[in-house]
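Encoded as structure tokens, the following chain is the form predicted on its own, with no partner shown.
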Amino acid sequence: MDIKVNENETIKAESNFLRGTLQQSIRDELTGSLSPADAQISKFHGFYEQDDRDNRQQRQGSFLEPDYSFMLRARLPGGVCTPAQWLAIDGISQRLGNGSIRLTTRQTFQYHGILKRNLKPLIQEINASLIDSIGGCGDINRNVMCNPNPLQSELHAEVYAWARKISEQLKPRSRAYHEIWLDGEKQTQADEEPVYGNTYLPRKFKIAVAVPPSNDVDIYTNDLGFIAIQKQGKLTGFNVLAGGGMGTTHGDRSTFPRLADELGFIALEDVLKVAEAVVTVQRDEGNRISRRHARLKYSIEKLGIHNFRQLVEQRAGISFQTPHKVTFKHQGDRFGWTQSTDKRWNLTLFIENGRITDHHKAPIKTGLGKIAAVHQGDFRITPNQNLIIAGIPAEQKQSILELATQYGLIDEKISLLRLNSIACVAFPSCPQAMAEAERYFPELLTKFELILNKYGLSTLDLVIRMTGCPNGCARPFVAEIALVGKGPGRYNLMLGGDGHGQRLNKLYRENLNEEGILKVMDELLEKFATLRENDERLSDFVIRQGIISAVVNPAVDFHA
């Protein structure tokens, strides 16, 4: 009996290695959108079709098509760019986007509000600055994350170089991107995709590299993870993890978030072989019928971790060694000034929800442009949507500080709660959003801060995240507190992440409005303030008190 694959599989197979009819769709001036098939293929080129959901009904009532625009996400391994690239990124946003830049939780940047006619010039301009958008989205490897690590400069350079190598190794080989956007010569010979094949992966694929004790990349939430193992400051190899992922579907108990399993330790010369082997196993074993179940985490659940490890070893021609013991102490950023081993300075700035624009509070976008014009180091986007001005020479430290202060980039009054917060974009542009996130979260945090102050908990170290849906873009299921959109103004309240990114949270209260959220949190924090043990985290408290149970096997007890 023939089994019908998901329609996306047919679109990929018939796309001629990601070309589709994109060139015709882009030239069609009768609509601001792409054809449905091209809208799927466009994701592999780094952009999504969106429309303004704030005015969708009004336009429907006026018999107008939706207010279409596009979001483009760059490929920027490790989140590192030069000052010249930052100035280019800034200028492009003004000319060809909606004027803002958004730092993402995958350590890159994205533009919103791009009109169809501006897509090609925008892609050409970022490529002119040696940045591309290949694999920004789509069923391939996404942006490879890497701990920004401003303290250990030599180690970071080594680890960052591996993040870049992995990104290049797993980049699609199709020339479609160059033909369509960069006016490259059309291929006279057929394309080949030795890693991906002509239908690419069943679903998106995410890779990160971590440097203990910082787990700012949330290494266990990735399909494939590499934990750097060092000896006397020199990189010796990596512990390899596989099978993490955040996305779930409301009401579908067969979907769940999952933390990655350990495969073992490998030497440096085996990194690229192992990365490719994991991807090809997922290519061949992943679910191509149900996209809800197409991530690597479900493939490993089906195969079992022992069998999966053996398949990877066979394809890579290696044997995993016993993993090294590692300790993670936090999953957030170090804000303010730090000094690297090379004696240069780094300034980590809080960028609320990653949105860089000149707003009523401060002209931060202008300020970053002023800094980029004189900065002699680099910029590093963090996995928590913040920005590091890195590698500042000692003689330039004061002038950078003065500019950052002048343009409102430094605010010492920001609460620890807000510093540890992440939100996804959600409304008005994300088609998956069920509730507000980025636009609403700052307001809700202000009300949370009042409750913390009420119980003397204003300095509580607490990881809190909000998403507009359960797809997990802000990695909500490893937060100590997460609010996951269920419907307009309604959220599921999740508790129990450990603050280090090594334990999942789970549902505590379902479908709450703001009044319900604040009432539940007031009661919970009052109890915590009264009964907590010394230096106990809220996440550990709720498990010790039996308020929720710990998630051990997510396939069984995440929904229990």
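Predicted model, so just to flag it, every value in this text is computed and none were measured. Heads up: residue numbers just count along the shown sequence, starting at 1.
Separately, the form predicted together with ligand SRM exists; it is not shown, and the next lines address it.
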| query | finding |
| --- | --- |
| Interface residue in the predicted complex among 479, 424, 240, 275, criterion: non-hydrogen atom within 4.5 angstroms of ligand SRM | 424 |
| Contact residue in the predicted complex, from 202, 150, 245, 79 (heavy atom within 4.5 Å of ligand SRM) | 245 |
| Ligand SRM in the predicted complex: contacted by all of 50, 295 and 475, heavy atom 4.5 Å | yes |
| Contact segment among 23-31, 66-74, 517-525, 503-511, judged by heavy atoms lying within 4.5 Å of ligand SRM in the predicted complex | 66-74 |
| Non-hydrogen atom contact residue 385 with ligand SRM in the predicted complex at 4.5 angstroms | yes |
| Distance check, residue 145 to ligand SRM in the predicted complex, heavy atom within 4.5 Å | yes |
| Residue contact check: residue 110 to ligand SRM in the predicted complex, 4.5 Å heavy atom | yes |
| Contact label in the predicted complex: residue 380 to ligand SRM, heavy atom within 4.5 Å | no |
| Residues of stretch 397-434 in contact with ligand SRM in the predicted complex (4.5 Å, non-hydrogen atom) | 423, 424, 425, 429, 430, 431, 432 |
